[in-house]
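Before any questions on binding or motion, here is one chain by itself as structure tokens, the form predicted alone.
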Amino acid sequence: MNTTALKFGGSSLADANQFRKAADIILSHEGRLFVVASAPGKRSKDDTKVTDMLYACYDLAASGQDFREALGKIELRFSSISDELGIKFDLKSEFSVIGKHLQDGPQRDYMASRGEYLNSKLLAAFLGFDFIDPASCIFFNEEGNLDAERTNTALGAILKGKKRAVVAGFYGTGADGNVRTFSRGGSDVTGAIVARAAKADVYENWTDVSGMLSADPRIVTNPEPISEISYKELRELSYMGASVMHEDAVFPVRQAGIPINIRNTNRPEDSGTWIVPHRKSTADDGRVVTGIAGKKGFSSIRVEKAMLNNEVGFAARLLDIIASAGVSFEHVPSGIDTMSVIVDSEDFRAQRSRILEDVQDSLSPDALIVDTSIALIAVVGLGMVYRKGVAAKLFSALARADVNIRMIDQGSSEINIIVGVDEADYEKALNALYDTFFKAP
């Protein structure tokens, strides 16, 4: 029997009806043994996620304001699920503990984690599964990063003794012994951690979409779904935000060679997207580009200096200046007498004066030019390695769309080409590239 670890997102567990759908999926296959649950998400467009309600409740308590009404509304969200499903569960006691915590000394991560904690307890009771509190088996180190090996050992030992169980997503225990959360969307990471610890054959990530799409549907009309994608391709697209799951969730399962299947709770008949360790692609399989993704919000710092290529250590000094200001660089396109560094605009904005002054003082450039309106677009696909003329096709598509290319960068793996364009041309460029690689004969 193949073992499957499953994670259900907030929209998949937003109310009693969604609970029933999730339960049907879980119980339809005896191999679906270990489930990770998120906090209740939005029930409608105008609704509020429970995690946001918890953060707001914490803010009231932390500032000394009356939090009881806000906490009562959160309790109502859970009691509506419990009552409609007929789950025998003592919510009053749980919220009494939470209320005492808020009164005595509120901790932000602890409050945020209660959505996953309570929803997982409800789901476990509804299914008749064991409940596992990740505070006992998912650990963070002193730097605040996941202690992967300690976690894998502890969680693996607990799962080994369970027939079927629900594990709360999103949090664990910090080095100080207090609850610590992952970043938003971190239940994806918990799901991957559970899949690895359980030595699962598959990690199913259930959400409200039927897998990944080849482009952003908010910009491109009806983009093609991606049926299969490799970890490498996913990483490149996730970098640009084109993922339906937390990108850090890739690493635990990638390390273990476990495939991920992204599925739709509301359309369980759809096969979704398979994320696999290796995907075979050749020049003859007809699939050159797997996906196109991009985002705005980048700045370019361009340094010009005669004979720059002969100045040993110039690049190192420039990057060190940027790093010393606490800013990470994204790309470093260069020429004989020029060097540009692409950085996140928000990070750069706070340190702009310091960085530019240090560059002038340390490197004495002939010119120092800053552009704060760059968008990056990545064209990604294993097939690009085997097919000639992909770059030419890309550049021609942008030329026809009257889009000026501000930067070009190709990864050493040759599975992606990243171009920088003016933010004003971003949507036009994305559509032009999609039409060229997915619609053109």
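Note that the rigid core is defined as the largest set of C-alphas that superpose within 1.5 Å between two forms. Don't overthink the numbering: it's just position in the shown sequence, from 1. These numbers were taken from a predicted model, which means no experiment stands behind them.
This next part talks about the form predicted together with a small molecule, which is not shown.
Taking the partner from elsewhere, no residue among 339, 342 and 420 has a non-hydrogen atom within 4.5 angstroms of the small molecule in the predicted complex.
When contacts are judged by a 4.5 Å heavy atom cut-off, residue 311 does not count as touching the small molecule in the predicted complex. Heavy atoms of residue 216 reach within 4.5 Å of the small molecule in the predicted complex, making it an interface residue. Although the partner is absent from this view, residue 127 stays clear of the small molecule in the predicted complex, with no non-hydrogen atom inside 4.5 angstroms.
The shortest heavy atom separation between residue 207 and the small molecule in the predicted complex is within 4.5 Å. Looking at 130 to 138, 216 to 224, 328 to 336, 88 to 96, the stretch with residues near the small molecule in the predicted complex, meaning non-hydrogen atoms within 4.5 angstroms, turns out to be 216 to 224.
Listed residues 365, 259, 106, 211 were compared with the small molecule in the predicted complex; 211 is the one with a heavy atom within 4.5 Å. Of the listed positions (299, 173, 151, 243), a single one reaches within 4.5 angstroms of the small molecule by any non-hydrogen atom in the predicted complex, namely 243. In a rigid-core overlay of the protein, residue 160 has its C-alpha displaced by under 2 Å between this form and the one not shown.
Once the rigid core is used as the reference frame, the Cα position of residue 128 differs between this form and the one not shown by less than 2 Å.
If you fit the rigid core between this form and the one not shown, you'll see the Cα of residue 219 move by 2 angstroms or more.
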